[in-house]
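What follows is one chain in C-alpha cells, specifically the form predicted on its own.
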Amino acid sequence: MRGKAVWIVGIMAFVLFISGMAIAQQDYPSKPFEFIAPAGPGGGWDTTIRMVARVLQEEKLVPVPMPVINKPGGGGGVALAYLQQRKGDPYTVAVYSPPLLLINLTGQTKLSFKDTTPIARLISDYGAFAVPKNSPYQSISEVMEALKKDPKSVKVGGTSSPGSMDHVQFLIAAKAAGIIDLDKIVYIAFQEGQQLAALLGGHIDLLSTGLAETQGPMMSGDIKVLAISRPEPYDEGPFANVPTLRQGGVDAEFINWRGLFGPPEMPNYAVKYLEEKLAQLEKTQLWDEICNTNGWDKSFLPAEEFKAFLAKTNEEYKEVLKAIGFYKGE
C-alpha cells in the first residue's frame, strides 16, 4: 500500500507540474521581461536591444514592459554568467554578436553559445578595411600580395583586442587570400578614438574596423576604404562604390551579426513566442527606419537556422584562432 501511495503522490505531482506549465504557457507573457545589454550604454549591443524593445512596445507586439539592464564586463562574459543563473527563465533575454563565440574560443570563459538558447538573428553589420589617402595600396588584393611576400610588411590596426573582432575579420580575409603565416601578421590594438590618428600618422598601414567608423573620414577624403566584408555590394549609400572582398579578389566575408538569446533551457513556448514577435518586428516600417539610420542590414533567422549559423561560424572563427595560437579550447 505504501508503495502505491507514493506512486499516486508522484503522479499527482507530475499532473500539477504539467498543469502549471500549461497555465504559464497560456498566460505568457504575464510579467515584464528583463532585456540585457552585455555592455555599457551607447554601444552596439545596448542600441540594438533598446531599439528592439522600442519597436515591440510601440508596435504593440508585446503587451508587457521590456526594461533594458546593462551588465557590462568581460567582453560579454558577465552577462553570460548571469544567464546561467536564470536557467529555464522565460523572461530573460540578452543580445549578443561575434564576441559571444570569441570569448569562449580564446579562453576568456568556459561558457559558450551552447550555454544559451538562441532565439533569432536580427541584423548584420560589416567590417571595413581602410588605408590613408596617400597609401601605396590601391586595392585589397595589393595588400594581400604584399603579405604573401612578407607577412610582417603590413601593420594592421583595430580597436578590438588581439583575437577579437577587428583582428579576426582581417585574418579571415587573409586566410581566404592564401596567406599561410597568419600568426606573423602584425596586429596592433588601440583604444577607441586612437585608431584613426594611428592610421593617418603612419603608425599602422591598414585599419580593420566597422563600417560606421570609416564613413566620416572616407567621405572627407582622409582615408580610402579598400574593401568591405559584406557578402554583396551596396546598391546605394556612402559605400556603394566600395568593392566587397570578393569583388577585390578575396573570397571571404565577415558578418557582424546581432541576435537575441535566452538563458539555457528557456521553455520552447517562450522561444516560439519571441521568435514570432521578432519576425513581425522585422516587417514593420519603424524597424526599417531604425535599420537605415544605423546602417544595419536586416538578416532575420529563426531559432533553428540561427543555431546552425552559430555552429558554422564558431568553426570558422576557431580555424583562424588556431592559426595564430589564440585558440584555448580542448
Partner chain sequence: MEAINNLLYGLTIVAKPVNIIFMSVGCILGTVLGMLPGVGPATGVALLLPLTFTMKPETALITMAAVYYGAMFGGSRSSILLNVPGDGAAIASCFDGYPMTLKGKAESALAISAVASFIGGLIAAVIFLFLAMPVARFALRFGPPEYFVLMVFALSATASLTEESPVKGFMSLLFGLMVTTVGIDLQSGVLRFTFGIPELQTGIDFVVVIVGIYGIGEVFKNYETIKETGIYALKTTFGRIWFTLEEWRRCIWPILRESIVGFIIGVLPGAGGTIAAMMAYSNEKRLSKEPESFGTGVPEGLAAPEAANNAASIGAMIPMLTLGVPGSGTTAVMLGALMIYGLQPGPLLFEQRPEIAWGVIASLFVGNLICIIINLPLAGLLVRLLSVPGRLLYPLIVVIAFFGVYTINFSVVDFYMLLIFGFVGYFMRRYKVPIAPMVLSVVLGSSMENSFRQSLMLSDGSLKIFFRSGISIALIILTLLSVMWPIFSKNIKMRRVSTKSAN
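The structure presented is a predicted model; accordingly, all values stated were derived computationally and were not measured. Numbering follows the first chain given and starts at 1.
Absent from the display: the form predicted together with the partner chain. The rest refers to it.
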**Request:** Mind telling me which stretch in 228-236, 161-169, 116-124, 137-145 gets its heavy atoms within 4.5 Å of the partner chain in the model of the complex?
**Result:** 161-169
**Complete:** Partner-free chain; cross-checking the partner chain in the model of the complex, the single residue of H203, K224, K175, R86 with a heavy atom within 4.5 Å is H203
**Prompt:** From the list V250, L260, L196, L101, which entry has a heavy atom within 4.5 Å of the partner chain in the model of the complex?
**Reply:** L196
**Request:** With heavy atoms only and a cut-off of 4.5 Å, decide whether N241 touches the partner chain in the model of the complex.
**Result:** no
**Partner contact for T293 in the model of the complex: the partner chain, 4.5 angstroms, heavy atom** = yes
**Prompt:** With the partner left out of view, is A189 within 4.5 angstroms of the partner chain in the model of the complex by any non-hydrogen atom?
**Reply:** yes
**Prompt:** Taking heavy atoms and a 4.5 Å cut-off, does P41 contact the partner chain in the model of the complex?
**Reply:** yes
**Request:** Check, residue by residue, if T47, G74 and V78 all come within 4.5 Å of the partner chain in the model of the complex, counting heavy atoms only.
**Result:** yes
**Complete:** Residues in 314-329 that come within 4.5 Å of the partner chain in the model of the complex by at least one heavy atom, in order, are F326
